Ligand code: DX5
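What follows is one chain in structure tokens, specifically the form predicted alone.
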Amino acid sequence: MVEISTSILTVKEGEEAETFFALEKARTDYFHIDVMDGKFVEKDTYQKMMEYSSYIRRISNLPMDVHLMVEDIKKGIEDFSSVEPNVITFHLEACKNEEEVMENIKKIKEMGAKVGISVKPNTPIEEVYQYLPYIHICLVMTVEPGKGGQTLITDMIDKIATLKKYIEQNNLETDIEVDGGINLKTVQRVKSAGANILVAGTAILAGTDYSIIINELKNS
């Protein structure tokens, strides 16, 4: 069965506590923290996500899945390590070279979190292959990062399948996480291609009963 990481990007102001408790009750597997700096992507959610994740840590023991869409990865790792996330994912495209990628991997592991590397839709999946033995999760973006509620780019299904095939052929244990446009219409294709952690925000938070949507995403 797949795991669900619920993006809290579109949580309504003033309804944070109520929403976080409802998501925990609905058995989301992770809170997905979309950290944006206004540079790597246009939107800036940095401070808001710092506040949300600090609050979640005080009220919940559920794992936090921190997705750094930032230029200064080192600072992002340091800032968000204070909320003891289960996973910290950074973007391959934000790194200048292989050495920087390996430094970030090492730093996240030293913080006690699992390591994820994310790739944008235009980045060939082969660029992440050399790092797979050192990380826990590869996050495939199925939309351009930076906005919620986008439509899944269908070409990315083949990208997920290619990654899954490589992982199996090389006896790796890397999880495949997929983020962007995940809903009840797209979930089956993404799962069939090999994804086992699904990030969903709008599809879950737009519903009145989060548990129904989460269960359907897990079991469809």
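Keep in mind that this is a model prediction, so the values were computed, not measured. Start at 1 and count along the sequence shown; that's the residue number.
Missing here is the form predicted together with D-xylitol-5-phosphate; even so, the following discussion is about that form.
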If we define contact as a non-hydrogen atom of the residue within 4.5 angstroms of the partner, is residue 76 a contact of D-xylitol-5-phosphate in the predicted bound form?
no
In the predicted bound form, does residue 86 come within 4.5 Å of D-xylitol-5-phosphate, counting heavy atoms only?
no
Please check if residue 202 has a heavy atom lying within 4.5 Å of any heavy atom of D-xylitol-5-phosphate in the predicted bound form.
yes
Considering only heavy atoms, tell me if residue 195 and D-xylitol-5-phosphate come within 4.5 Å of each other in the predicted bound form.
no
Interface segment, criterion being heavy atoms within 4.5 Å of D-xylitol-5-phosphate in the predicted bound form, picked from 28-36, 165-173, 185-193, 54-62
28-36
In the predicted bound form, which residues of 51-90 put a heavy atom within 4.5 Å of D-xylitol-5-phosphate?
67, 69
